[in-house]
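There is one chain below, alone, in structure tokens, taken in the form predicted alone.
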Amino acid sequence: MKISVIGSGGIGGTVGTLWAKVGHEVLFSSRNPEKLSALVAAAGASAKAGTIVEAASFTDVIFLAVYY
């Protein structure tokens, strides 16, 4: 399953990494996707980073993990 994580901080990063490690394709997104390289590397080969617009077009499911 393709999962987009919008908001890749503590919660989004942790849950997205767990999904990637069990084989889901995960796109981590934030306003600054260039700062997500360490998170993507830790999540594994099925993870990548992108913009919020890319996340919306990539996915089967969007996980919104931002501060309210």
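All figures in this text were calculated on a predicted structure; none of them were measured in a lab. We number the residues from 1 along the sequence you see.
If you look for the form predicted in complex with a small molecule, you will not find it shown, but the lines that follow are about it.
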{"item": "Contact label in the predicted complex: residue 62 to the small molecule, heavy atom within 4.5 Å", "value": "no"}
{"item": "Heavy atom of residue 66 within 4.5 Å of the small molecule in the predicted complex", "value": "yes"}
{"item": "4.5 Å heavy atom contact, residue 16 and the small molecule in the predicted complex", "value": "no"}
{"item": "Residue contact check: residue 10 to the small molecule in the predicted complex, 4.5 Å heavy atom", "value": "yes"}
